[in-house]
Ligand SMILES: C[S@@+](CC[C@H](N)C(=O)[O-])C[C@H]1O[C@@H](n2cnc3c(N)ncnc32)[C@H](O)[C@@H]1O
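First, one chain by itself: the form predicted alone, in structure tokens.
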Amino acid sequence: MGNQTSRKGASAQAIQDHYDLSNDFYRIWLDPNMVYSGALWQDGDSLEEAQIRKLEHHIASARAYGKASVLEIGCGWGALLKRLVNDHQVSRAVGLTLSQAQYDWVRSMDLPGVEVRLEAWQDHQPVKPYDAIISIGAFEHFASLDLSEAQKVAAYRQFFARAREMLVRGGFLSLQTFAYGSAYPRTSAIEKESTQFLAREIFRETDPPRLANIAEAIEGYFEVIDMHNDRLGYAKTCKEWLENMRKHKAAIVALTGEAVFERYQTYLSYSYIGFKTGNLDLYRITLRRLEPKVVPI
């Protein structure tokens, strides 16, 4: 399961091309905790407050409070890992990332109880199953644009099978991913243009799932306990990021150059439109590990 040829999603190089651009670059326009995924908003929230609310949602969804061990697949710059050990009495929080910059950042925080690994989920071999698993914003990288629908489902089933193996009996997986919108067919000119742009310029070797892909992929591995589409929350997040970028354009251009600023401005603009119109969805899904059914003889 861990061999490179069986992998259908973004490579380590593709991930690093995006996330390793510059930690200072992302610090300029993300919130102070550097959370790079759709936030969970309530009226009056700042970006930082909405991102913390999202992290708290996933901790609660995974039933992670007070657990001995929690795995985060796609740990970013470590905001969730930090909350798990500092605020939720988790003894050991393990984060996986393919980004060297993120790995170095989390290591530099030197958090007791936190272990970060520069490793793909396919390669991770826990000593024993985790009490809870959380994955925020990684799932969309698990399949590439050139795959058929059947191949994408197969790639996602590989992930859910592996997650189930790494989780205790009755354990919970809290998953967040953006996806193609369930309300519209994937036919509009702007959607095709934005999809090609994102795959070429921003998230190489990446293609988000459809809701139907996820539903098919979990069969036999996990039960859906709760699911919510918060596409407007991600639209608001993209708008906040875009405003932050424009406010600090001079600093960004000085750090990375004009071309990077323009590329990311286009990316966030496309993303805002996609989530606002329903061409993109954002799913937060609570999943419980299924046990094999014993059929009486």
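Sequential numbering from 1, following the sequence displayed. The shown structure was predicted, so the numbers you read here are calculated from the model rather than taken from an experiment.
Although it is not shown, the form predicted together with this ligand is what the next lines describe.
- Comparing 31-39, 253-261, 224-232, 61-69 against this ligand in the model of the complex, the single stretch with non-hydrogen atoms within 4.5 angstroms of it is 31-39.
- Contact between residue 121 and this ligand in the model of the complex is found at the 4.5 Å heavy atom cutoff.
- The closest heavy atom approach of residue 144 to this ligand in the model of the complex falls outside 4.5 Å.
- This ligand in the model of the complex is approached by residue 99, whose closest heavy atom lies within 4.5 angstroms of it.
- Residue 137 belongs to the set of residues with a heavy atom inside 4.5 Å of this ligand in the model of the complex.
- In summary, among the residues 175, 132, 75, 93, the only one with a non-hydrogen atom within 4.5 Å of this ligand in the model of the complex is 75.
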